[in-house]
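A lone chain, given as structure tokens: the form predicted alone.
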């Protein structure tokens, strides 16, 4: 995925600083390279290069002239290596057209070959550059700029969010298909971006474009048309949505990194979810009703997949409901059994993950009902779903998901509890109280978790491998702990069901290899995992446990927590020290936890 932003203003000049500010807020979407293009009275000026926005684009304040319209891009490479020539914006031969693009184009080689045969010269290895040359070619053929852009988009196949500027035309030309793109509405200026987060400091009014939409964005107007399957461009009205997220939520404040800030936000988010129990009741009632007629499949990717596994456990344990969890990218091959009336529960932080969206489209084509748990309001997934519940975590900037993982678990617990009440025909009063207790415990223990996690990080930071073991509901928590460590510290880490570990992976244990064990609250499970702990310890493992404070286990290092929480809520507690161990290990190795190499926040290409 990549981040794109555009601003067009009737002020005559002055968009440069706002463009850079907005682009900086999208850097979590990719940070291989960056660039901006400004429409000035002398033409289109471009500055771009390899590196972060602060390293590349901030030079623009001194090196290029300000203007009334501009576009910017921060890249996560798909086609072409990371280089200055492949950085966006990309220009046409005559330098009168500049384009930024998020997505991947199918059969772009054929388009490029056809354009080269007509004399166009390409300066990059990207698929995106064909868009700039197509616009130039179509302007030559048709004369009218808007018609040329529409003709260009009609010839594109694949996924794209495109923003283009054209010399002599004070407007943004934008198009969307299977990649996120929003239009922001201002006063005397309008905007576009890959994510509302880029524009919250400018506006809270947004138009969410649909797949197949093309928009002409001027400083005063927004005109949207939709491309039909027959190739017509029909004028359409898209509603304006208000986003209530505060711009302050996108600031690090006094924290060194967004990841640490977002870890600290978790107790309050869990409290907020608990206090909004009635908001989730409608969603739970809908899911409960649908389950009378069909089977339940949960679809998600990455961290949300781990939350989905915990959801599966909760549905089974609390409701005796059978469900399955399907990795989104494998959904097409693993969902042939779905029939009309079945239910798909999609879980996504961004609501824009390409694999999840494609899975939902497949599910809908088979007649299933789609319900979703989403963090970002107005995202594509919300518009593809029959029912939506927001996890209310606020914008998450850190690439490694933290607060959205625990928020997803808290919402799944709440929904399962409400459905259990419906199933038993009674309302229990301890659901909200239990989550509030977790919030209070996390607030009280966070400093101790940090202290112990720092200590542990110093002991594991130079290890090549680490293993996370869990049982029951905390097997997925072990998977998540391993994911966090590997994605931000670059230490190889794997999570396993503790009983499965002796079926092969135990061969990898040698002197000093860290084994991080999540000790169950359940006494029977705890007895079993202690045997697993002793197995790895006797073979030289460095043992680290996260455990209730009322049990004694043979371990080298322990992080203890309140024993009153109980098994079903333990992932909400156990996830936090695992996040902190990963965070402090990365920081100790001088690796930026907010910008792990090769990764971006939400993958919008398949």
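Here the structure is a predicted model, which is why all the values come from computation and not from measurement. Residue numbers count along the first chain shown, from 1.
Beyond the structure shown, there is the form predicted in complex with a small molecule, which is absent from this document and is the topic of what follows.
In the model of the complex, every residue of the candidate spot (350, 483 and 487) has a heavy atom lying within 4.5 Å of the small molecule. Residues with any non-hydrogen atom within 4.5 angstroms of the small molecule in the model of the complex fall in just one of 78-86, 268-276, 350-358, 136-144: 350-358. The small molecule in the model of the complex is approached by residue 301, whose closest heavy atom lies within 4.5 angstroms of it. In the model of the complex, the small molecule sits within 4.5 Å of a heavy atom of residue 399.
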